[in-house]
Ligand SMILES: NC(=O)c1ccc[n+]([C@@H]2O[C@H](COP(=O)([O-])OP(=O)(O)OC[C@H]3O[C@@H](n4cnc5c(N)ncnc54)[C@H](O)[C@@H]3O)[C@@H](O)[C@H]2O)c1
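For reference, the chain that follows is the form predicted on its own, supplied as structure tokens.
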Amino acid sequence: MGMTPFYFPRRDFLRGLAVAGATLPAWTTHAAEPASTTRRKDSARPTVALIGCGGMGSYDLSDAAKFADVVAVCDVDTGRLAAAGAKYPAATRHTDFRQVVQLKNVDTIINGTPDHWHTLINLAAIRAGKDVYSEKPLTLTIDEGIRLVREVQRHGRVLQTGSQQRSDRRFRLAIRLVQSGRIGQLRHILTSLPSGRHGGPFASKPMPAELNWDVWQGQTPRHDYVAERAHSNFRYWWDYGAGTLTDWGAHHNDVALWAQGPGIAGPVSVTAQTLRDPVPGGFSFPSLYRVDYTYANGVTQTCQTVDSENPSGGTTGSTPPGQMVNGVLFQGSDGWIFVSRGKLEASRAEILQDPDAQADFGPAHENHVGNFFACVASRETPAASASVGHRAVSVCHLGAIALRLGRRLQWDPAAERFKGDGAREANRQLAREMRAPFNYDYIA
């Protein structure tokens, strides 16, 4: 079966299944059980507030509105705030998230802000007794993740990371098949990601009247307003993230970690190389890169970018998908499985025919936001908990640190510290200096 490169927006979960040389068992294709509307003990629908009214935040809120009543919206861009308020006229409007998390009529928070604001908002909400659905990547640094996981556990809150692939039947089945030995011993994992943006230099411009640019930048270094830094472009700058490595990588590297089982919390070594240098004065995170990981169980992993200007890849017979296809490829001693948003393929038909999988598959929560509200009601652990989100993005952060330092690094997943050669310099990268006043005191 031939395959052409595909680039799905991360919000899209296509329902079709394409399988190389096989038809999936009937039990894998039945309609998902609808998530029931969550209700509190007093039988009232829970309430939800949105912080960050951009594209993903607004998308998540439209999903959340099926399960909860929208009572507040918040953004430092008053244009986006007005658009959200117009859609939910009963919701109060705010420009300071600290006011929102203290509202007595708010049960849950959706955090749809840029990555560099995730942690402070999540911490403030958790300490205020709210449950949180936070967009991924969960944190800007590994140190932030350590702090966040500790606070979630301390306060007994529910936090769901927006890693929707944890709730997708296709990915869940792929994990079950790998873990049950359907491809023999797992040897190598390839996570292929879209390339980032490459361009510049960019000139500063007058600040839009509707945007509080100083607050938008938050903990990151202060810069004059550059349109290409704000909103949908922010991830392609070192200040605010790590390109597609912490965007799509937070999804696919999570799947790579998940497949290896709960005993593997991260790699033990990492190397990385930049494949295309950024333009001075332009997007500062490399648009093309390769990261190689080794795990304590002997499994190796390559995380690399799809060059959107020169894509390649495909499947022919028993040949695994090309290395430039967006998705996750598991290579074992007795075959391979490839999974993406829209495809599940294997080197042989019988790999996908697992008679034991049905019993272990469990009920589906294909609505990831619905899974969050179900867990708000039950107090069970959601599909993508704070610990899951932290460990997944830590894999990405390790790659970004290796890219920045340009050397092989050794990592201790239990201690969450670097060791060996270069450890001192690398451990300094576990946290970033936070620009005042937007540090931890801001939410004290």
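For clarity, every value in this text was computed on a predicted model and none was experimentally measured. Throughout, we count residues from 1 along the sequence that is shown.
Beyond what is shown, the protein has a form predicted together with this ligand; the following relates to that form.
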item: Sole residue of Thr108, Ser340, Ser167, Thr113 within 4.5 Å of this ligand in the model of the complex, by heavy atom; value: Thr113
item: Option touching this ligand, based on a heavy atom within 4.5 Å in the model of the complex, out of Lys136, His252, Lys130, Arg172; value: Lys136
item: One stretch from 398 to 406, 63 to 71, 376 to 384, 48 to 56 that, in the model of the complex, holds residues within 4.5 Å of this ligand by heavy atom; value: 48 to 56
item: Non-hydrogen atom contact Gly162 with this ligand in the model of the complex at 4.5 angstroms; value: yes
item: Contact label in the model of the complex: Trp117 to this ligand, heavy atom within 4.5 Å; value: yes
item: Non-hydrogen atom contact Arg235 with this ligand in the model of the complex at 4.5 angstroms; value: yes
item: In the model of the complex, His155 touching this ligand (heavy atom, 4.5 Å); value: no
item: Residues from 181 to 207 in contact with this ligand (non-hydrogen atom within 4.5 Å) in the model of the complex; value: none
